[in-house]
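Take a look at this single chain, the form predicted alone, given in structure tokens.
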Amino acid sequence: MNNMHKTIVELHEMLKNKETTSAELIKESLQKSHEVQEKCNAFVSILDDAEAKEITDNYLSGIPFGIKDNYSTKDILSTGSSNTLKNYVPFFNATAVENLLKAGAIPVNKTVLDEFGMGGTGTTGHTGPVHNPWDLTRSCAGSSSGSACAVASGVYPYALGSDTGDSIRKPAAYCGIVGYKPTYGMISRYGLFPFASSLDHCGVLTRSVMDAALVVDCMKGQDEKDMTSWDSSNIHLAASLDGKVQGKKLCYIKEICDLNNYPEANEELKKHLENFHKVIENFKSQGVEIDEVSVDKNLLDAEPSVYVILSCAEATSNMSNLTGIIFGPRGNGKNVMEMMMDHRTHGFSPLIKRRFVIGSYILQKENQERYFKNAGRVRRLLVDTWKNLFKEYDAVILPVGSGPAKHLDGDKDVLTKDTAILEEHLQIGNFGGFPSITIPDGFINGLPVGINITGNVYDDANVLNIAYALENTMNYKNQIAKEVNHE
């Protein structure tokens, strides 16, 4: 049976018509979980005791899904893919998870991430690297690598992710699926392990825009436990998807999309940008206006550094409670300080420790003006630049990354400084809290690539409808990974 290859709407209709049962879907999803785990290493834990639920009018009722392992799940192991929490079992659910459970959704596994979400490769989790289901020699990107892998493999129609820089949207592109990060605060972050609080977003990975809308409709809502959440009760994402986009105005950034800016471009990058321009030219036939605009390249080039400074500083502060004293495995030592040092030295991966060192340096009093505060000023310039674009345009449309998934053996990928903004521009969506969605838009050498649409805050329904219309002009909706092999 391949029921898990179907969309949420299709599964809901099957359940309502008694063509299948929730128990049968769970059995299939668990079987696929074990198969994918053996091949791709996508899960921290598989919940073999998952139980069926009543089928209601809610589209998510009775349908299995996955949860990124940085969401707190009551009585279920929640590690953040870190040895510092390798045995941590919370006593409460994250609000986003709780909302889905109330809708009747059924979690069947917890997915691997880069440790605490700090990484873009899917290789730093304490259980080992996640392999891309399209090509096992390549990564899924990160940090929502396990969720992207599972959804692309047909384990279930959706999984939860989190996005601090591009951690939902780039894995979606690398795995040929949809990744949606709503406006900051639309989904409560209560119970999401904090990485960089001003940048962290909850979101979802699916295989269609409609499924993304259905899931976030159930996840979202104001929460007294998260002061940054807001009332979105008047926004109905799924009901807003009509595909009518005639008269909409989009733009793309010349400095990001012009091949002439990449003198050392490899064949994958050339094909990726060529495909991007073909897709937007075709989209114009739907009555959409798409303009090329220019943004100061010096400002764009500063963006990756701004992200490193702000995210590392916030992470250092947020994770100061990971001492091994309050929770997590105790370190060894003759006193509290020695125990804390042992816990953090042996518990964190080299990448995490490097980021904490950077963050601590940035936050030193003598360095704050030069680094932290200046980074905040550049962040404001970037956000204002995008908000000025949104005064004239409904959304910004851009390619995701510099091509398909990168190799797990990074030595096989030749990247230059020229591609930094192409790889990192999705972080601007986190700087401004903008709604942003990635959908698949083609293949290069048998591997999927993606395109991103980002709009103004609170304009989620418009952004998703544009993505929905664009998705309908292509043939990549609800696709399942088919492994290809490359020498």
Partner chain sequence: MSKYKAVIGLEMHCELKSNSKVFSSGENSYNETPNSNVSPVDMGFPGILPVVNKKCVHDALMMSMILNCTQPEYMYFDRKNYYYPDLPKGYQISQNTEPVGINGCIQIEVNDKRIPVKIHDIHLEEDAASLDHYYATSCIDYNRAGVPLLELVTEPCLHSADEAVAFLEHMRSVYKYCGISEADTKKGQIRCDVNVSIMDEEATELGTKVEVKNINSFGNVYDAINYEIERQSKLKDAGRYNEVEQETRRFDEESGTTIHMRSKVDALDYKYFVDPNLPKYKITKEWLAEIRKEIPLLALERKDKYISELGLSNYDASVIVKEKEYAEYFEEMVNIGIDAKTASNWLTTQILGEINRENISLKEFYLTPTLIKQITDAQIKGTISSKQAKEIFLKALEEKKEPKTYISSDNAQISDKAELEKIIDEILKNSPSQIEQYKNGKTNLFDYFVGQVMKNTRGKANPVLTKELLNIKLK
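All of these numbers come straight from a predicted model, not from anything done at the bench. Positions refer to the first chain, counted from 1.
Quick note: we don't show the form predicted together with its partner chain, though the next part is all about it.
A.B. asks: In the model of the complex, is there a heavy atom of its partner chain that lies within 4.5 Å of any heavy atom of S198, even though the partner is absent here?
C.D. replies: Although its partner chain is absent here, S198 would touch it in the model of the complex, with heavy atoms inside 4.5 Å.
A.B. asks: Does any heavy atom of G191 come within 4.5 Å of a heavy atom of its partner chain in the model of the complex?
C.D. replies: Close contact exists here: in the model of the complex, G191 approaches its partner chain to within 4.5 Å, heavy atoms only.
A.B. asks: State yes or no: in the model of the complex, is some non-hydrogen atom of F390 no more than 4.5 angstroms from a non-hydrogen atom of its partner chain?
C.D. replies: Contact check for F390: no, nothing within 4.5 Å of its partner chain in the model of the complex.
A.B. asks: Closest heavy atom of K353 to its partner chain in the model of the complex, within 4.5 Å or not?
C.D. replies: Judged by the heavy-atom cut-off of 4.5 Å, K353 is well away from its partner chain in the model of the complex.
A.B. asks: Counting any heavy atom within 4.5 Å as contact, can you tell me which stretch out of 81 to 89, 280 to 288, 162 to 170, 246 to 254 lines its partner chain in the model of the complex?
C.D. replies: Heavy atoms within 4.5 Å of its partner chain in the model of the complex occur in 81 to 89.
A.B. asks: Is it the case that T228, V336 and S360 all touch its partner chain in the model of the complex, with a non-hydrogen atom of each within 4.5 angstroms?
C.D. replies: Affirmative, all three are within 4.5 Å.
A.B. asks: Go through Q222, Q368, N332, S294 and name the one with a heavy atom inside 4.5 Å of its partner chain in the model of the complex.
C.D. replies: Going through each option in turn, the one that passes is Q368.
A.B. asks: Which one of Q364, T137, S233, T345 is close to its partner chain in the model of the complex, taking close to mean a heavy atom within 4.5 Å?
C.D. replies: Here the answer is residue option Q364.
A.B. asks: Does anything in 317 to 342 come within 4.5 Å of its partner chain in the model of the complex by heavy atoms, and if so which residues, in order?
C.D. replies: S317, N318, S320, N321, T323, I325, I326, F327, V336, M337, M340 sit within 4.5 Å of the partner.
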